[in-house]
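Taking the form predicted on its own, here's one chain by itself in structure tokens.
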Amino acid sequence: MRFDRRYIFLAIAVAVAVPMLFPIGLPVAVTDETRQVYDRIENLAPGDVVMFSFDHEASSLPEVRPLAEAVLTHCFRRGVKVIGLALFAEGAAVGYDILKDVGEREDKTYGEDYLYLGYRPQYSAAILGMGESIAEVFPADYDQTPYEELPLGQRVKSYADIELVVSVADGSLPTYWVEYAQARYGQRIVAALTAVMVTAYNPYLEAGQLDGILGGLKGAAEYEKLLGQPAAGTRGMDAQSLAHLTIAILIILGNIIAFARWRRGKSGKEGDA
């Protein structure tokens, strides 16, 4: 009798779906890297300004959105002002939705507590230009309101008025922030990255060119733990952990079944002899 492989697919589907609908809250150990980013935001004063750059493609959204939401939530709860933008075209609408959703959830006012500038191509020129004048690079916000007519736009002229840049990325954009904003203007940078990109940026962290690195769903879950607010990162890690456990159990069962069949076959041959 053969085991129907559809039961395997069903087991994996249940293992992923159940924690997403009903969070388990598996233990999450907070790493030093995540705590470093948390402490960096925690030490900001109310009224400080953080720039969020959504430097990612839509395909990485399931991993980077929980990261962005966790750090944005922390900023708003600290009374920190946020300016959002995108240096990848695919991140433009996504960044606007994330910033608007978190801002409304935290009861913040657009234009005063946060604003979104939209997308600009030629990211090297955009990063350099904002060191001189943000209004020159982004004359208007995402909704085409003149930048300098917005209360936050009147206050923030360049990197000199920004305490920290958070690059939410799935590729090489944090490198450009380091090379152009940090090296030339002394701007402090934090990178919120997909998990696969973390090791590529560890040398920047060790050299002090990055103030912190936050990586993958695990980083989001750790940050949510520090916030005391389990959300998408925690659910994602629950689902991932349970799926891995299910796969391990299936592998063990498969080997047990294969071994039992081998023993039966061997016994049968010995009996025939």
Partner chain sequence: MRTRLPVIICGVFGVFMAAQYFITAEPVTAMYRAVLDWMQIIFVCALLVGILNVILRQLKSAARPGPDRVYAGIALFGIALMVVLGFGWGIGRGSAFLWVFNNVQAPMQTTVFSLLAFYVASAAYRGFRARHFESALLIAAALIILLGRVPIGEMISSHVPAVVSWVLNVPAVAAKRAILIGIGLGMTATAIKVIAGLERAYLGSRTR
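Numbering follows the first chain given and starts at 1. Just so it is clear, the model here is predicted, and its values are computed rather than measured.
What comes next is about the form predicted together with the partner chain, which is not displayed.
- For the options Tyr147, Tyr119, Tyr159, Tyr110, the one in contact with the partner chain in the model of the complex, meaning a heavy atom within 4.5 Å, is Tyr119.
- The partner chain is not drawn, but in the model of the complex it has a heavy atom within 4.5 Å of Glu33.
- Mapping the unseen interface onto this chain, Gly47 falls outside it, with no heavy atom inside 4.5 Å of the partner chain in the model of the complex.
- At a distance threshold of 4.5 angstroms between non-hydrogen atoms, Ala58 is in contact with the partner chain in the model of the complex.
- With a 4.5 Å cutoff on heavy atoms, Phe76 does not count as touching the partner chain in the model of the complex; it lies far away.
- Scanning 78-101 for heavy atoms within 4.5 Å of the partner chain in the model of the complex gives Glu90, Ala93, Val94, Tyr96, Asp97, Lys100, Asp101 in sequence order.
- By 3 Å or more, the C-alpha separation between Ile247 and Thr194 shrinks in the model of the complex relative to the form shown here.
- Relative to this form, Ala248 and Thr194 approach one another in the model of the complex, with their C-alpha atoms ending up at least 3 Å closer.
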